[in-house]
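One chain is shown next in structure tokens, namely the form predicted on its own.
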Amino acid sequence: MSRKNDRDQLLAIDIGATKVCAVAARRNDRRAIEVQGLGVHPCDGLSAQGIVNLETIVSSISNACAKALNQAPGMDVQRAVVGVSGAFIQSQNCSGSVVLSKHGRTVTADDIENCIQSAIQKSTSKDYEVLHAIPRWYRLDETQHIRDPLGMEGSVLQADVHLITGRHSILKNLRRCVQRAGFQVERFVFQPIASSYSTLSDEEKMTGVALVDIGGETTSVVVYYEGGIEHSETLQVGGEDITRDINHYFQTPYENAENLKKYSGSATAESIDPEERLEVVRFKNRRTIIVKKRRLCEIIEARVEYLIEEVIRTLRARDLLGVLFGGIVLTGGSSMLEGLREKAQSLIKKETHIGYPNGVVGYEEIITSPSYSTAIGLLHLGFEKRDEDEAYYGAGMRRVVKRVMKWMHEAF
């Protein structure tokens, strides 16, 4: 396979607490991302805290990727962009600086990279590895809030960076899981960062928006304002908590509880006819009982209110509610729960809508479900980073060649 073809083929693996989703895609001559294959396989080997069953994760990754690649004839990929989330991910805002020259000089790409590395080195502990170091803004001497200082002239360059890191031991084991499934990890990506690539517009990021990515075990929040990330955080509550509440209250098998949530549940109990009834299968002798549907929805509503209140708490703690002029975007599989958008909007008091993945062609199933926001975002981010790396290292190689040619000219 040629190097160009290899650059234009990508496998995205979204490892969640309830399932692994794999998407195989290629980039065509018009640079559009074409989804070639999709594979989803159940997985309960990863919790919010980390890996609980390594073999289960390996099996789930293998099955999901096999399904995706079997639908993509001619694709031969060895590397994957992998989405992760959980309590083992940390985020913070930090800063770094470099002295350019006492009398000032032009800022180069290397200066910007060194400035970011300065922030990383000051703020990353040995137990964590960097997933993302995202510049928020730069300062050059007395000029603040510069978006891109490249080519400007000054003496001291400073960078304010949003740093996202993951516990090294857990990422090492996840990397081993992917390798045992037959692939190399090209890069790990914090899942809500990936989701923002497929669901948020540049205008929303400039205006001020909070992306709330509701997963199985966790809910992740990322806030953008004036184009940069203000804050990101993972909350220890998700869609599986709703299912467990139903499972415990009605003493019904877990699969039945999940089906009740998906097909009969609502986050707004008042909208349900108080006389409407449902059949629920109990654990004991698999006996069927009749319950009020509104009671089911009251249980769901209570947990949803707790989830939204946790989102409000984290936004209020950092005084971010006031910058959300673009409102709230809900995504992830649990965002499709009936009444959840309305409940979130009434509690947060901000315009709220569901974020669907976009920017790809093929597979109608994908672009009509927020369940795939992370996987599609991984494709967008993966191709973008490949282009950035090629531009950066290509420019570096050209600089080396220029220096060699200059030396040869001077020497001979």
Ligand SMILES: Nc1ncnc2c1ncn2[C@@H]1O[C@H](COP(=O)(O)OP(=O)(O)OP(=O)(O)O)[C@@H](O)[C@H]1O
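Residue numbers here begin at 1 and follow the sequence given. Not measured: the values here are computed from a predicted model.
There is another form of the same protein, the form predicted together with this ligand; it is not shown, and what comes next is about it.
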Quick check on I214: any heavy atom within 4.5 Å of this ligand in the predicted bound form?
yes
So, S371 and this ligand: in the predicted bound form, are they within 4.5 Å at any heavy atom pair?
yes
Does this ligand get within 4.5 angstroms of any non-hydrogen atom of P149 in the predicted bound form?
no
With the partner left out of view, is M206 within 4.5 angstroms of this ligand in the predicted bound form by any non-hydrogen atom?
no
Heavy atom within 4.5 Å of this ligand in the predicted bound form - the one residue of E240, E230, E233, E186 that qualifies
E240
Only one of G339, G166, G333, G96 gets a heavy atom within 4.5 Å of this ligand in the predicted bound form. Which one?
G333
This ligand in the predicted bound form: contacting segment from 313 to 321, 257 to 265, 136 to 144, 155 to 163, heavy atom within 4.5 Å
257 to 265
Could you pull out the residues of 18 to 51 that have any heavy atom within 4.5 Å of this ligand in the predicted bound form?
T18, K19
